[in-house]
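The chain below stands alone and is given as structure tokens, in the form predicted alone.
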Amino acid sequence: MEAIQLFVPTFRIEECLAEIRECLERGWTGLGYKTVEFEDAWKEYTGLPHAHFLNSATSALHLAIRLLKERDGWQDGDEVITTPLTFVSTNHVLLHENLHPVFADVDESLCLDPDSVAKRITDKTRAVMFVGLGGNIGRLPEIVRLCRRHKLRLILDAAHMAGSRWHGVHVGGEADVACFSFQAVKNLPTADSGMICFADGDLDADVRKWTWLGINKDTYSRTISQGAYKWYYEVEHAGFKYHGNSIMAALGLVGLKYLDQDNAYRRQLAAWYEAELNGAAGLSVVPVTTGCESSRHLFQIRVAHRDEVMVALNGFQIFPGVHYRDNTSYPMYAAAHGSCPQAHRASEEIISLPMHIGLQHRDVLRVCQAVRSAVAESRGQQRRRSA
């Protein structure tokens, strides 16, 4: 029996090789003309005014926090409201910048609950970090209104949201900064890379220096400029080496052409899952917000005794995932453990079912049959234990 994996990226190999060949033939594989081309293509696709290509979404999140802290004069120990139900990079960047993560709870969408966020706002709160889990916007419009009312910065961790739209408009424009991921198993896969999209043009200009060690003119800009002193640059501060490269941009340019097509197929996979699993005994399907055209990076269900169900699914040669473990379970965030009961409960129940464009209808049916069998067996075991 062939295994069904959680994620398997699809690359249009010949098109990708042609794009990469162009880089090799021109002798330019680093930051340069392909990264600029990808930035322009991403701005055109999303409608966002600014975009800078980086080596990862984690770098994007770090720079988002770093530049907003510097611009607004935040102090060490100031607070950012965030979610405990995310990949740890979301919250690690707050620690890197000596900020205090304040965890708010999630709602049924597994995104931040605006009511919980409102209760966490203090005179030390400087921003809200919103994670569009699985590509869903949750109740993001309410979070936007909260941030505007309280004059808080909004950082959108859009790692799962390449191609997600709200009433036809691509996400990102509602935030002060949006950070996207093109990591190996994302909907728009490269090997690893990301995009940072500031609303403010001055911050976009600043971030280009921060990603190149604080240097005010990158190598590509110096190469295409004119004059005897085109080699000359200044180092304005101690920045980072976070910029993207042309090989990753080449992969991204190809993937972007197919992103809407691929996401539409993901939504078809989700519809097949929902047809089989909605109303099934012993489980619930995590909902997507009405009006959200989700990228459907994830399709998640919730079950009791999740780990037993996962083991049973592995026995059927089906290998799902968990997104994510409650971050307050880790030592560096343990002081907040127990503060977000809905997120903690979800963390113990969620399963991300296989979701990639290599799946077919028969694969979804096989996964759903295995899920129903695994859940039924787990429930039977619980009844026998309690008898």
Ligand SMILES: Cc1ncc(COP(=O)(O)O)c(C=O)c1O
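From 1 onward, residues are counted along the sequence shown. Here the structure is a predicted model, which means the values were calculated and not measured.
Same protein, other form: the form predicted together with this ligand, not shown, and the subject of what follows.
Participant: Among 187, 86, 164, 211, which has at least one heavy atom within 4.5 Å of this ligand in the predicted bound form?
Facilitator: Filtering the options by heavy-atom distance leaves 86.
Participant: Just to be sure I understand the contacts: of 137, 159, 128, 177, which is the one whose heavy atoms reach within 4.5 angstroms of this ligand in the predicted bound form?
Facilitator: The option sitting close enough to the partner is 159.
Participant: Tell me the stretch among 25 to 33, 353 to 361, 335 to 343, 52 to 60 that has any heavy atom within 4.5 angstroms of this ligand in the predicted bound form.
Facilitator: Flagged stretch: 52 to 60.
Participant: With heavy atoms only and a cut-off of 4.5 Å, decide whether residue 324 touches this ligand in the predicted bound form.
Facilitator: Answer yes; at least one heavy atom of residue 324 falls within 4.5 Å of this ligand in the predicted bound form.
Participant: Quick check on residue 82: any heavy atom within 4.5 Å of this ligand in the predicted bound form?
Facilitator: Contact with this ligand, no.
Participant: Is residue 183 close to this ligand in the predicted bound form, meaning a heavy atom pair under 4.5 Å apart or at it?
Facilitator: Yes, residue 183 is a contact residue.
Participant: Looking in the predicted bound form, any heavy atom of residue 300 within 4.5 Å of this ligand?
Facilitator: Residue 300: no contact with this ligand in the predicted bound form.
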